Structure formats: C-alpha cells, structure tokens
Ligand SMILES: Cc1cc2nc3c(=O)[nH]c(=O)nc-3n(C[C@H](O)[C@H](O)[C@H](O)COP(=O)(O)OP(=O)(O)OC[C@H]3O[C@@H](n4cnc5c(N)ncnc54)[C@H](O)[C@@H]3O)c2cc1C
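Before any questions on how it binds or moves, here is one chain, the form predicted on its own, in structure tokens.
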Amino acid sequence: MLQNHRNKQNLGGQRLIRWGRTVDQADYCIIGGGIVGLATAYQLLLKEPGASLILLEAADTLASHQTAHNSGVIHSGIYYAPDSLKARFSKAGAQQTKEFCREHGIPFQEPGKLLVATTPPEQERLGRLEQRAGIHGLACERLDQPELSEREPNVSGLTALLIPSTGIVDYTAVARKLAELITGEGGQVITGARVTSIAEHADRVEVGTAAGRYSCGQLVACAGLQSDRLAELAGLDIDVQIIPFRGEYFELPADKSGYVRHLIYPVPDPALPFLGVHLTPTMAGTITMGPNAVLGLSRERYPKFSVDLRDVGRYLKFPGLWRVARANAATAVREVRNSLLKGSYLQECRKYAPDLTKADLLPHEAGIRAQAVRRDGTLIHDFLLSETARMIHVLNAPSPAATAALPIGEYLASKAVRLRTA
C-alpha cells in the first residue's frame, strides 16, 4: 500500500486539496467526485491494483451535489423494467451497499417501504408493481386497510405493498469511505479542480483544470449535473442536455420523529420519472417529506429562487425542454403551485397522511436532480453512456444511482479496463 498525504494550496484564489500520491500522468482519470465517480475509481483499483489513478472534483468537497441532496434511500428496484440497467444495478446495488456498510462500520437501517394506494386506479397500479416485484425476486407483502392501519396508525390508504428490504443510509458517509479506500490504494483525489478542457489523442487523454493539466490513458466522466457540458467539452456529438429539476423537501418537527416507522411512498405515475412526495425516516432520526419536482433555475445552487443565467439560458434554447413542457403542462403547473404554496405541497402528502398540518412542515435543504432529455423531448429514464476509444462519459445516471453506485462503478471500470488494454 502506498503512503498517503494530503496537501492544501491556493492557486489563483482556488482552493486545491490533494489526497493521495501526487502525479500528473496516470493510467486512469475519473472526472466527478460524487458517489458514482468514487465507486468507479474504487472498482478500478480493485480490478487493477497498482494502477495509477487521478480523480478530479470541481467542488471544494466530495459528494456535495446529488449524493448529498437525496432522500438517503437504499432502493429495492421494484419500479424498474426488468430489462433495464436500472433494475439490474438497483437490486445488486442494494445488496452491495449493505455489505459495504457492514464491512466498514457505516450505520444503515432497514425500516422497509410501504407503497400506499389511496384510489382504485392506484390499487390497479400497485397490483402491477406487486407482479414486477415477483419478476425481480423481491420479497413483498400486500396489506389491506386494517393491516395498514395497524402497522402505521398515522397513514391512510385503501391498500399497501410492503417491501421490507428497502433501507436508509447516509450516502456522504459511504462516499467518504470510498475516498479513503481510493487514496489508501494510491489513488489521487483532487477537489477544487473544475475541468476546463479535454483533448483525446491516439495514445492519451489530456485534461486541463485551473489548477493544472493531467494526462491519462483512459478517462471516465461521471459529472452528474455537468455531464452534458463535459461531453461537449471533449468534442462528443450528443443529442441530450441535462435539465435540472429542483426537489424541495420539508422536515417534520422533533415531536413527530416517530410519526411513521416505514418509508411511506405514494404509488408512482408510470408516465413520470419521479416517485412523488414521500415520508422518509433518516439516519439522523428525523423524518423528511418530499421531494417535489419543479424546473430548476440553477444546476448547483440550492437556496430557493437561486438563478444561474448560464444554466437557464442554455435550456431555454434547447428544443427538448419545450417539447417536455408541452407534453407535461398540467404536471408542471401543479409542481410550480406546490413549490410556491406550502398548503398545496402539503396536500400531496395528506393523501396518505391526513393529520399533517402546515405547522409540521419545517425547512429542509433542497436537492437538484440531473435529468437527461433528448432534443425530441424524450425523457431518458435509464442509464446512458457515450464512449470513444479512450473515454467513457456517463450522460445520465438517474435514481437509484446512489443505491446502485457500486455495481455501476464495477460496470464502468470493466469497460475502462477493456478499452485501455484493447
């Protein structure tokens, strides 16, 4: 194992943190220090012990965007089409995440998830999800109304489906452990290193940042909210753009910390890529409510009404956004109303938790989801990659990417090794 060190220095006002050995040339370069990028770097070093690796993260801290701003759920994979990468990665990811946490002493819990149907159409959709659970080999239990009331006295519904394997974890703790393992095996992790150029050559890829230049044999970009920009920077011809969707949360007060025992979810609308407003116990002992899904005005700014004119200008010129808007106009209006009016937001949750009041909705930090959209307005629901001889760009890594990070990382690492040794 290589000796590790940590250096801090200021370069042109930019805070640069280096973890691990310092090199400017490496076998592999990973762009993106979220959980998917970290898992990819970790899996690469498992596959090629002794390989040199650099991971570049634009922010000053690792896992500061989608990894740190989600519900913290270890998903079972019940929602996803059996032939999708989502389904494949989610089931494997749930198991591997729990095994990883046990091995490294990271706390997690398995409260289980209740999908609650409140209308007859939702009951029909719940039945289809129960069939899908059977296809995926997921244990589940159907609860009638009295059984639901017995399990969850504060939850109201016609029927519910219990998936006991659904868990919760602090994904930033998982990310920190991955970074520690990467540097423990000689990898270099650099934060405050926003990528400004990517040039692919026959024998290498050169990556430029404000802090310095790096050369690698193989590059894997897991840039999340900036994935389309990184692909374009590398000269790839892509027909997708990341549209930021803001997910706003509330938190229940301390005296309602035991309001529910399970994760409580509505039955999702299959026409939409989002799962709806749910109640989620957290590892901190609180319960969050959310998220909604409203068009974001910035990719990386979280306070309400934060605007990045560059981000907004980019998607306003993108025809795919307007096609999505026309196809989902009613949903968009409802989501904006829910964002602006706390009472309207509350009604989404009172469908199955009728006793909650406005006073129960305390502020909680929002998240921003990277949703890839094609120029024709198609919402991309599955994982999407773009590859060249020396690069792999992850263009879409939707939920359950955090749950599935370890198998996604293994998948990307296998591809990168094959490309480098071809």
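In case it trips you up, residue 1 is the first one in the sequence shown, and so on. Nothing here was measured: the structure is a model prediction, and the numbers come from that model.
Another form exists, predicted in complex with the ligand; not displayed. Remarks below refer to it.
The listed set Q241, Q188, S71, Q96 contains one residue whose heavy atoms approach the ligand in the predicted bound form to within 4.5 Å, identified as S71. Proximity to the ligand in the predicted bound form, defined as a heavy atom within 4.5 Å, singles out one entry of M289, L114, V174, A223, which is A223. Partner contact region in the predicted bound form: 60 to 68, out of 371 to 379, 44 to 52, 60 to 68, 349 to 357, criterion any non-hydrogen atom within 4.5 Å of the ligand. In the predicted bound form, at least one heavy atom of L230 sits within 4.5 Å of a heavy atom of the ligand. Interface residue remark: Y249 is counted as part of the site for the ligand in the predicted bound form, having a heavy atom within 4.5 Å. At the 4.5 Å threshold, heavy atoms of P407 stay clear of the ligand in the predicted bound form, well away from it.
With a 4.5 Å cutoff on heavy atoms, L412 does not count as touching the ligand in the predicted bound form; it lies far away. For the partner-free chain shown, A397, P398, S399, P400, A401, A402, T403 of 383 to 406 come within 4.5 angstroms of the ligand in the predicted bound form, judged by any non-hydrogen atom.
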